[in-house]
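Quick setup: one chain, the form predicted alone, written in structure tokens, and binding and motion questions come after.
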Amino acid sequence: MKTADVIVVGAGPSGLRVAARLAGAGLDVRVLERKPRVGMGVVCTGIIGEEVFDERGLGRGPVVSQLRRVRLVSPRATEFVYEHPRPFACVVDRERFDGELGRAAASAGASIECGLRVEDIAVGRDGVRVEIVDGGGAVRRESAAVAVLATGVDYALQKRAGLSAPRDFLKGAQIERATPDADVTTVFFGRDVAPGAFAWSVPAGPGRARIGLLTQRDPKGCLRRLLERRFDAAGAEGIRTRPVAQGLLARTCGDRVLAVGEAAGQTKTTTGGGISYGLACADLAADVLIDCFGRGSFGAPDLAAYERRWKARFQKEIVIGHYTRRMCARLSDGRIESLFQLARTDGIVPIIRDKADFDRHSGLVLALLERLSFMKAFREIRDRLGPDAWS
């Protein structure tokens, strides 16, 4: 049986980031990934806030476009264009982005092995044991002092380890293709477009765009109709779907095990994006684990510092975003249309320019709720969030 200090299950951004940090601290780290290679077949728009690159020391080689101007389209095709004073986010090639994180982890000393599916996890007094199935069906076991679960929206191992799993999901669908106006970031709203959420077209390099949506039901059918109506493109070939978890998880660590990234519900509940939160929480997880190895203690009380730190940083964002999105999903197309008309004549743009933060939306959400509180629906959302939301 192979042994290591840390086994990381999942080679997405958060898993690779925590592996690089831990290996760089001198720990023996094993990363186990079920896909044949790192970054393969990721269903993700790949939008990352500009600040993340400098904060995490990431290279910009995988960047394919920058976002500054956004066009919003209402259910009745009313358009509202917002242009930020400077680029606020980047779109990355996810396979290249993940590949660079993988090379950084390997350079730090982590061992990364792909094509392995972790079927089971058992936590004992002296360590963690995982059961692994390779591409040929052979079963083997490995052990470590600690396991980090970075499994995205697959929560089977979390449940086996006694950690929490989300109950609320949106359904996402996306396709990348050549299309006119590919250089314009566009967001579509309406019950006919994406019931319960929104759709998008995001630049993905010269002449290409990632077109996708989040919705409460039938994501592939909704995206097919969007392609036909807005992009003169028929058929569903190439459309890929995935669930997107919503809401705060109660328990993301226990004895000798913790979850990070989407596996811990660390996603923006307004947009469904998870890269920046996952990277930040991976660093918090690494800090706590390095301290635990220094003390030789890996119990739930030791790892609880991780949960306290990441929730102190992101709980407010997740809770406010989740509740506001659920309430806004109830708005009729007529109400959404009235907001577009208001945005064209009212002082909403200065609020956006002043409060907009690509990775932290609560300040903008609360400011808009206060401004729109003369409308009954938004006053109810503001009042139900309560005074603690503003603190």
Ligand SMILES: Cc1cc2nc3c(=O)[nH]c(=O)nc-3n(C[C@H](O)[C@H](O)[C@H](O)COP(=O)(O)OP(=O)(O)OC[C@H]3O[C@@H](n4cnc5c(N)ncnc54)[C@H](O)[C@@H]3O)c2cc1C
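All values derive from a computational prediction rather than experimental measurement. From 1 onward, residues are counted along the sequence shown.
The same protein also exists as the form predicted in complex with the named molecule; that form is not shown, yet it is the one meant from here on.
The closest heavy atom approach of P62 to the named molecule in the predicted bound form falls outside 4.5 Å.
Proximity of G273 to the named molecule in the predicted bound form falls within the 4.5 Å heavy atom cutoff. In the predicted bound form, V118 approaches the named molecule with a heavy atom inside 4.5 Å. Residue contact check for G102: none of its heavy atoms lie within 4.5 Å of the named molecule in the predicted bound form. Out of the listed residues T185, T252, T269, Q174, Q174 is the one that sits within 4.5 Å of the named molecule in the predicted bound form by at least one heavy atom. This chain is drawn without the named molecule; in the predicted bound form, the residue among R56, R326, R360, R34 with a heavy atom within 4.5 Å of it is R34. Per the 4.5 Å heavy atom criterion, the named molecule in the predicted bound form is contacted by stretch 273 to 281, the sole one of 273 to 281, 78 to 86, 302 to 310, 139 to 147. Residues V43, C44, T45, G46, I47 are the members of 39 to 67 with a non-hydrogen atom no more than 4.5 angstroms from the named molecule in the predicted bound form.
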